[in-house]
Every structure is written in structure tokens, then in C-alpha cells.
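In C-alpha cells, the next block holds one chain alone, the form predicted alone.
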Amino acid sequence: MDTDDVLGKAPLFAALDRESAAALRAGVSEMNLPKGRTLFREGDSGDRLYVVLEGKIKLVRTSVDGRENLLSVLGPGEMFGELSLFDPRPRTATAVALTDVRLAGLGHDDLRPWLTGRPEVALHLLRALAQRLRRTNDVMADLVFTDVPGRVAKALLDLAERFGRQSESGLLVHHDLTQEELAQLVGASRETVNKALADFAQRGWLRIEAKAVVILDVERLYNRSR
């Protein structure tokens, strides 16, 4: 998929006609970020938003004692960094390349005047922020009301929806997360998450591979996530 096709999936471009998209595209700069490289850190000033063109980015927050919480994993067509467009305060998370990544960046100073005459685009951006807030609320509710295996099942299905592809043996989900990162995403210890995965594998719902799973029974995994 080429750059324009991927950008077209992002909330910023989805509301635009071809001419407007081309005009905005002219202000976009592309960059490559090697695996493991940090794009920006929590507390940095934010002056750009980004769209993932290729690869995966993880957003993390770090506690006072140095523990990390993995907030989300983003892939092609997904946008981040737009919060500071509406609230110009320091970054609320650290963005790290989970794989080799290609990004499109757009400066807030270039974008703000461009949005003035296009309220439909601003509404798309606000809708994207609202959806992110809903997901955050769901995560908070899951931490209170859902057990760890349920949260693991839900996280795998979410990753499958965005990164999964059908293979001969099942739905292959190459999440590129270490065991520790998957545990951070779920909000549980690595041991508890590994136990849940082992149980799912024993039941025949999935097969565990290196930084990936093959989901063999989506329906049962979905029922466990509820």
C-alpha cells in the first residue's frame, strides 16, 4: 500500500476530498525510525502529529519508580501526537519504534490555520480523540471488572483486528511484543499472562509463536474476553 493510501485511512485525511488531501499532503514530511529508537519522550514539548505508514509504534508511560506501562501499539494508518494540537502541553507518553517504522509527520503550526476553514476535518480529529477516550475508559473498566485471562483474550483480539492475517492454520497475529510488553499492555504480571496464554494453547484456542500467536478458535477466545 502506498503512502497516499495509508494516509487516507488516518482520521486527519479521511474527511478530505482528493484536492484537499493533496494540499495537506504537500506539508507532510516522511521519516524512518529504526527498531528500538525513541521518537519522543513523555514530558517533551509536542509540535507535530504523526501517522504510521509502515511498521509498529508503541506508546508507553513510566512511573516514578521506573516501571513501564504499555498504553497502545499502533500500526499503518493510525495517528498519534494529535492531543497536543488541541492541548499544547508536554507529551503524555513516550513513543518507541517496536519495529522498523516509516512515519509521516505534520507540524501543528502548519495544521492549525489549515483547519480553520475546514470544520469537518477538526470534527474527525475530535472524533478520533473521543474514540481513544472510550478505549481508555474500557481499559480502566476491564482492570476493575475483568480477570487477567479475559483481558489477555481481549488484547489478542484487538491486535488481531488490526494486525492479523489469515493463514492456512488460523489467524496469524504478529504483534511483535515481548512477553513483558504483552503483560504491560494487559496490566498484569508476566507470569500471570503467560499462564493464561498456556491455558488458551492447551484448550486449542491458539498456538504461541515468537512474538506472535495463531488464533485457532476466534469464537471461544471472544467468549472468554467478555
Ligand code: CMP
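Position 1 is the first residue in the sequence shown; the rest follow in order. Only a predicted model underlies this, so the values are computations on that prediction, with no experimental measurement involved.
FYI, the form predicted in complex with the named molecule isn't displayed, but the following is about it.
The named molecule in the predicted complex is approached by Leu59, whose closest heavy atom lies within 4.5 angstroms of it. Using a 4.5 Å cutoff between non-hydrogen atoms, Gly81 counts as a contact of the named molecule in the predicted complex.
Contact annotation for Arg132: at least one heavy atom lies within 4.5 Å of the named molecule in the predicted complex. Using a 4.5 Å cutoff between non-hydrogen atoms, Thr136 counts as a contact of the named molecule in the predicted complex. Contact with the named molecule in the predicted complex, defined as a heavy atom within 4.5 Å, is made by all three of Phe40, Leu71 and Ala93. In short, of 96-104, 112-120, 151-159, 83-91 it is 83-91 that has heavy atoms within 4.5 Å of the named molecule in the predicted complex.
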